[in-house]
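Shown next as structure tokens: one chain only, the form predicted on its own.
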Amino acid sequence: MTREDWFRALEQRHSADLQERFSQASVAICGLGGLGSNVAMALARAGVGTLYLIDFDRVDISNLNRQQYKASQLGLYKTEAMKQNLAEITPYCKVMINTVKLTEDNLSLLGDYEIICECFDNAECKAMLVNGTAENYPEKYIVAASGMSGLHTSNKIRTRKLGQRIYLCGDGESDVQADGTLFAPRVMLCAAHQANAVLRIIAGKFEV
């Protein structure tokens, strides 16, 4: 498969104009767990040109029930493992990685990326990223997530627009501490909402 073959196939599915938008876009994915690993897969398959993957953690056996890693990758940094997996599936997506913990002090790492996906599993980190990005980079779009735990109905997972450039995906209610469980289907549903929101933003289709 050549680069031309790949993009021709994408254009047949998406149209040449829309695929050009996707190809020129750059997205930062902050956190590569159940949300981020699935978001990365979806955006790469759609032909988004550049993905910037940020995480400091390693692949653990407890991740395999809902995250896009393989048993053979146990112990690898998630950034490196995800870059490997994306290269096998979509070799012409430009994947940049940074194995670092994102904090208030290094949000400048996001400066070059137009859309930020918040995919953390910690409430304080989520708030830090959303609030810090909105304050320091008001021109950027933020796609965040809240509420995807348990075996609650899938129909509660949705996408909401909060302000001009902040999107929130999930049911907004379920809490992993209360439910004690995370299952692949609901986590992947929430990640799919995030990825779809990103593609809609790139396409110029905004929620009301």
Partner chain sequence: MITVNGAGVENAQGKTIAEYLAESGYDKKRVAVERNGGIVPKSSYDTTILQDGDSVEVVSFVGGG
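Keep in mind that what you see is a predicted model, and the values were worked out from it rather than measured. Residue numbers count along the first chain shown, from 1.
This next part talks about the form predicted together with its partner chain, which is not shown.
Listed stretches are 53-61, 22-30, 40-48, 170-178; the contact stretch with its partner chain in the predicted bound form is 170-178, by a heavy atom cutoff of 4.5 Å.
Proximity to its partner chain in the predicted bound form holds for all of 124, 146 and 163, with the criterion being a heavy atom within 4.5 Å. Of the candidates 110, 93, 102, 130, 130 is the one whose heavy atoms come within 4.5 Å of its partner chain in the predicted bound form; the others do not. At a distance threshold of 4.5 angstroms between non-hydrogen atoms, residue 74 is out of contact with its partner chain in the predicted bound form. Contact check for residue 97: every heavy atom lies farther than 4.5 Å from its partner chain in the predicted bound form. Shown here without its partner chain, the chain has 34, 35 in 26-65 lying with a heavy atom within 4.5 Å of that partner in the predicted bound form.
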